[in-house]
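In structure tokens, one chain follows: the form predicted on its own.
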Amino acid sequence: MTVDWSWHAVAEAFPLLLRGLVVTLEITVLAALLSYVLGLVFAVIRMSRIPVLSQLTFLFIEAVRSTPLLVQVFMFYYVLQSQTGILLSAFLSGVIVIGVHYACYTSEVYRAGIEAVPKGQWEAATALNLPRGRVWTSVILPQAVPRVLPALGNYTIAMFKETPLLLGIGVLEMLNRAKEYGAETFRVLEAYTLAGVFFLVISYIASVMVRRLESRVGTL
């Protein structure tokens, strides 16, 4: 059995997939930023033990973590928007769903980092009678956040690899571009292989950077 491989098809598909890669990276960066900020908010709410709000946040996190991302994508884009009348683009919907989904995971990462801060730091801040907000922003978070950066980096890589799920709502990310090229030219092998190579190379480079960051944080 011979493989019908065409380098001409690779050259043709390359610019198209490169455009898809830009969209994939845009979604990854925006979703990651959303997950970082929202995850921190979730963690602070839970650890502050705010009545009712803390419990509701916990239930929301558990519900999101217990359901597949693809189901959440479809529910948000096709069901929730039709019921509320708020129409968002597929791109923005993808950013929101992936960002919120991973915020529920990064919140646990932040919580672990906060719990790793020595209790003496809390006691010292209390002894100095610092306002609660300043304790968080000036004492606890500056110590907790650097500890969790490698874990946040790993989740960012995971988000990058999850973007193909947005193919289901028509986002023209890299895999959807490969599908589009294959449907037009019937050269599926080259397009999907090239998409896989892009994912492999970028994920590998990112993982190396995360490992270096982890070793650097470990020396702090």
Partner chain sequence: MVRFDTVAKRFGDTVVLDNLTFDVAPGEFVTLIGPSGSGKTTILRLLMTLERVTDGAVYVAGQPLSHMRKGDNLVPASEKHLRAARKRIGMVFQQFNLFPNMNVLRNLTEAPVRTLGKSRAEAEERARELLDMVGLAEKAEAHPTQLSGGQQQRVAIARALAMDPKVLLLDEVTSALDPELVSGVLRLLEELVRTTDITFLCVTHEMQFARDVSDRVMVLDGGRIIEDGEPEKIFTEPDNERTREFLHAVLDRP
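Since this is a predicted model, take the numbers as computed values, not measurements. Positions refer to the first chain, counted from 1.
This protein has a second form, the form predicted in complex with its partner chain, left out of what is shown; the following refers to that one.
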* Three residues, Leu38, Arg46 and Gln55; all within 4.5 Å of its partner chain in the predicted complex via heavy atoms? -> no
* **Listed residue that, although its partner chain is not shown, lies within 4.5 Å of it in the predicted complex (heavy atoms), from Leu130, Leu92, Met75, Ala112** => Leu130
* Asked: Any of the heavy atoms of Ala125 lying within 4.5 Å of its partner chain in the predicted complex?
  -> yes
* **Gly85: touches its partner chain in the predicted complex, heavy atom cutoff 4.5 angstroms** => no
* Does Gln143 reach its partner chain in the predicted complex, with heavy atoms at most 4.5 Å apart? -> yes
* Distance check, Val139 to its partner chain in the predicted complex, heavy atom within 4.5 Å -> yes
